[in-house]
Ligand SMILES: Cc1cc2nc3c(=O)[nH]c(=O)nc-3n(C[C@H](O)[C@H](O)[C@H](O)COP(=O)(O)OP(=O)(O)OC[C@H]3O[C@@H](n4cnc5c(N)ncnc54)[C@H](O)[C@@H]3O)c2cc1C
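Only one chain is given next, in structure tokens, and it is the form predicted on its own.
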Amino acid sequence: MAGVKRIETDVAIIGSGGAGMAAGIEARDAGARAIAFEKRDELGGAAIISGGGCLIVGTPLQKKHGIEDTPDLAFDDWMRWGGPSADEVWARYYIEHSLHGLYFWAEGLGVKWVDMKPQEGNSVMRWTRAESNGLGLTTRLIDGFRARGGEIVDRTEITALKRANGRVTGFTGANAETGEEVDVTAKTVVVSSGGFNSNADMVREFKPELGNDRVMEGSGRGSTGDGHRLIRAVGGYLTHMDHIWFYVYATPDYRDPAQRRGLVFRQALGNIWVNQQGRRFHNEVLSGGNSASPALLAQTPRHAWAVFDTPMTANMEIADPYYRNGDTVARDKVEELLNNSPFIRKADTLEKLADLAGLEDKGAFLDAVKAYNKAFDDGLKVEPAFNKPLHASKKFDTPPYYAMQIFPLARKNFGGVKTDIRCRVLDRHFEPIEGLYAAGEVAGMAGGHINGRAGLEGTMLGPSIFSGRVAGGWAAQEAGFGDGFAGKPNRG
């Protein structure tokens, strides 16, 4: 029979993603002993499979490209996009600290910010990508934590928070392989376990309007809502749980035995989307959760087909470690997906492709492609049907052709555990629970609902990492180390 492994530390962290590693770095820099517990054998959570982009204001990259940006402008964009349920205090706090508290801080860990990309809802370019995407960024955080003496215990699933005299004093769990029980005693606990978008049942619980339509799981594989359950059990308050961000440029992972996981694809420029009736319904350049997702969810049934010709797949990237060799795309694995997934059709003619996809109106589909191609023949810069810019697109003229079935993919949680500005977990009376902190997606990226119903791209990963820093600094301070998180706001 397995025994009990007892561990004592100053700051215990649940999760090894961007928020957890940032919390650990901050705690170690304050002088506290910090141990992170990860239930999987793979570290990095959702952050490591992300695109690696963060919304950051006033950066050297912006200045290099002549972009004038201010915290006030970013705040206006943020609130307009997220709506009335966005947390104004946390949004302002993050925006003003994004330059020094994230950009320069991450550079100190070896992160290289390499480029920017225009994103929906932003007045100027401020989505800033780290080298090697989320893999590169999160790897630097993990390395930075370990280099400071931080410890990581993997394959350990936490089952309950311990509480005494109203204070959280640690947690219990078990090794996922051996069954050995783990009993952790800590002065403070930081929960950074991620969201719940890899738990389709929980997604449906909070979005019952989805009915029985297929919804794919699309976050880190460990993002199953464990932290929400742990915190709710000790009286923590959950807020805005129906604020779930969906992507639709994703197809089922045919290698997943349960057929619940989805694969996000990127860099397949020029593809068009048609519904099951064979009709285009959207400008595919607008692929975000506040534009493309509502458009697809309005279709009957709620799926579509992303259509490519062969050159459009040449630079396709799949946001899953299986489809990468370190920093490079595993092109053979992408071809394997295109040739073997039952959710992808392949044909030498568009007519045959329509038949294989079972499109209800083949004529409508062929007419849509014909009209799309004519825009190129006519030298147009924008195709007239949906005003799609054509500078990054091409004609459909090189077989074989592909049709990839795409479904809504639950990607990010914009609601979660309610915290104060120090990331202390609040109860239903909005009073802090002593010894307990939450950061990252378990807390709706920061505070509980920093984004509101819609998030500008980069306002997920950036606030998650930043709130991890805040939580780690104040958790260390409550444990007797340091003076708490001390940021340097940019208010220019």
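Whichever C-alpha set is largest while still superposing within 1.5 Å between the two forms counts as the rigid core. From a predicted model like this one, the values you see are computed outputs, not experimental measurements. Note that residue numbering begins at 1 and tracks the sequence as displayed.
As for the form predicted together with the named molecule, it is not shown, yet the points below apply to it.
J.: Check residue 32 for me: does it contact the named molecule in the predicted bound form (non-hydrogen atoms, 4.5 angstroms)?
T.: Taking the distances in the predicted bound form, the answer for residue 32 is no, it never comes within 4.5 Å of the named molecule.
J.: Evaluate residue 14 for contact with the named molecule in the predicted bound form, applying a 4.5 angstroms cut-off between non-hydrogen atoms, and reply yes or no.
T.: Yes, residue 14 lies within 4.5 Å of the named molecule in the predicted bound form.
J.: If we define contact as a non-hydrogen atom of the residue within 4.5 angstroms of the partner, is residue 19 a contact of the named molecule in the predicted bound form?
T.: Looking in the predicted bound form, residue contacts with the named molecule include residue 19, since a heavy atom lies within 4.5 Å.
J.: Applying a 4.5 Å heavy atom distance criterion, does residue 158 contact the named molecule in the predicted bound form?
T.: Contact with the named molecule, yes.
J.: Can you say which of 425-433, 60-68, 24-32, 451-459 gets within 4.5 Å of the named molecule in the predicted bound form, counting heavy atoms only?
T.: Among the candidates, contact is made by 451-459.
J.: Though the named molecule is not shown, can you say which of 345, 280, 187, 412 has a heavy atom within 4.5 Å of it in the predicted bound form?
T.: Exactly one residue meets the criterion: 412.
J.: Honest question, do 40, 44 and 445 all end up within 4.5 Å of the named molecule in the predicted bound form by heavy atom distance?
T.: Yes, all three are in contact.
J.: Taking the named molecule as it sits in the predicted bound form, which residues of 290-315 have a non-hydrogen atom within 4.5 Å of it? Please list them.
T.: Counting only heavy atoms within 4.5 Å of the named molecule in the predicted bound form, no residue of 290-315 makes contact.
J.: Taking the rigid core as the superposition reference, indicate whether the CA of residue 167 shifts 2 angstroms or more between the shown form and the other one.
T.: No, the C-alpha position differs by under 2 Å between the shown form and the other one.
J.: Could you tell me whether the Cα atom of residue 232 shifts by at least 2 Å between the shown form and the other one after core superposition?
T.: No, its C-alpha moves less than 2 Å.
J.: If the two forms are fitted on the core, does residue 112 show a Cα displacement reaching 2 angstroms between the shown form and the other one?
T.: Stays below the 2 Å threshold, so no.
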